[in-house]
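Here we start with a single chain on its own, the form predicted alone, put down as C-alpha cells.
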C-alpha cells in the first residue's frame, strides 16, 4: 500500500517508521528543509521528550475526554517504550524531580532526539521529501485519492495520514491549514485556540523582564477582586510584554477565554495562607522589629528587583520603616506577597503557544486506530487532533503514541 504522510514532526516520523516497518511504501511530505523542526525547540530547546511514571499518571494530566481518547494509543506505545527506543538509538535520557524526561545534557541534545527518529525513518525505507508543502487533499468521503503540493505537483496514495501539526509557531511550518481541508471533507473540527502560550499584560512591566517568581501560585479572577476562575502552582517569569513560564503557559487558555468573556484579572501568590493571616504576621513583625525596612521585609519573599518599586509604587519612601508603616502601605505589602496584582491579560497570541488547542474533534476519530470516521483511508495523529495537555512532555507523548497507532493503518 502506498501511504502519504503529511508532516515530518514527532507524530509524522513515528507514523512513517511504523508504516514502513510493516512493509508499506511510505512517502513522508515535510514542508521544511529538515524533519522535526518543532521537536528541536521543545522544552526550551532541550526537548522534553515525555513524562515519567505509570501510564495512568500520564493520562491523568489530560482532561477526562482527552484521556479516554488517548488511553488505547498510550498503552500501545508508552512513555517507557519511547525511552527504550531512544536508548537503542544511542540517546540516553534522565528524569528531573518533576517527572519530566530529557535527553542527557550535552550540546545538540534536542537534535540528537530528532536524529534518532530520522534514522529510524530512513532505515525503514521511507521516501522523505523536503520542501513538499501540501495545499489540498483530493477526494471525498469515504476515500481520498491523493494530495496537491504547493509546487504544483500531485501525488496519489492508497492511504493518507495527517500529521501536520496545529497552528502554533508557524515559523516551524505549522500553519493550521488542515482544519480547512477537514471542513471541506465534512469532518467536524474545533477552531484553533491559544494554549500553553505566554500571556501579555495590559500593563506590562518591561523593567522587570527576566525576573522570576518561584514556588507560588498564579490566580485568574473574573476581574479585579472577582471570583477565582482558575489557578496553577508553578513558576513564572516577567517578559517585556507580560509573563511566561510554566504557570503562565498553563493558564493561558483560561486567561484568553476569560478575556474574551470580558472579565479577566491575574495575580501571583508567593506565600501560602490568607491575606488576613499574613497581615497579622506583619503586624507582629512591626512590633518586634520596628526598624526593619519595608523593602527588607518584602525581600524575604520576592526577588530584590521588585521590592523597592513595589514600596515606592504604593506611595511610600524607599526607606520606609515598619514602625511608621501606614495602613494603606501595609495592605499593599500583604497584597504583594499573597496575590501580587498583575492586572488584565492582553490577547494571547496563538502563534506563540507550545501547542494549540482545537483541531480535529476527537469524537470524529477512532481511538483504537486513529482512522477518521467516515473514511476508509484517512488517519490523523499528533497536534492536528483536538488534544492539549499541560507542559511536561505530555503533548509529545500524545504525538508519539497517536503517530504509532496511525502508522499501523488499522
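It should be emphasised that the depicted structure is a prediction, and the values quoted were computed from it without experimental measurement. Positions refer to the first chain, counted from 1.
If you look for the form predicted in complex with a small molecule, you will not find it shown, but the lines that follow are about it.
Trainee: Should the three residues 66, 194 and 379 be counted as contacting the small molecule in the predicted bound form, with contact defined as a heavy atom within 4.5 Å for each?
Mentor: Not a single residue of the candidate spot has a heavy atom within 4.5 Å of the small molecule in the predicted bound form.
Trainee: Pick from 243, 164, 213, 126: which has a non-hydrogen atom within 4.5 Å of the small molecule in the predicted bound form?
Mentor: Among 243, 164, 213, 126, a heavy atom within 4.5 Å of the small molecule in the predicted bound form occurs only for 164.
Trainee: Within a 4.5 Å heavy atom cut-off, is residue 174 in contact with the small molecule in the predicted bound form?
Mentor: Residue 174: contacts the small molecule in the predicted bound form.
Trainee: Going by a heavy atom distance of 4.5 Å, is residue 305 a contact of the small molecule in the predicted bound form?
Mentor: Contact check for residue 305: no, nothing within 4.5 Å of the small molecule in the predicted bound form.
Trainee: In the predicted bound form, is there a heavy atom of the small molecule that lies within 4.5 Å of any heavy atom of residue 181, even though the partner is absent here?
Mentor: Contact check for residue 181: yes, within 4.5 Å of the small molecule in the predicted bound form.
Trainee: Is residue 405 close enough to touch the small molecule in the predicted bound form, meaning at least one heavy atom pair within 4.5 Å?
Mentor: Residue-level check for residue 405: no, no contact with the small molecule.
Trainee: Taking the partner as it appears in the predicted bound form, which of 31-39, 339-347, 357-365, 371-379 has residues with heavy atoms within 4.5 Å of the small molecule?
Mentor: In the other structure, the partner sits against 31-39.
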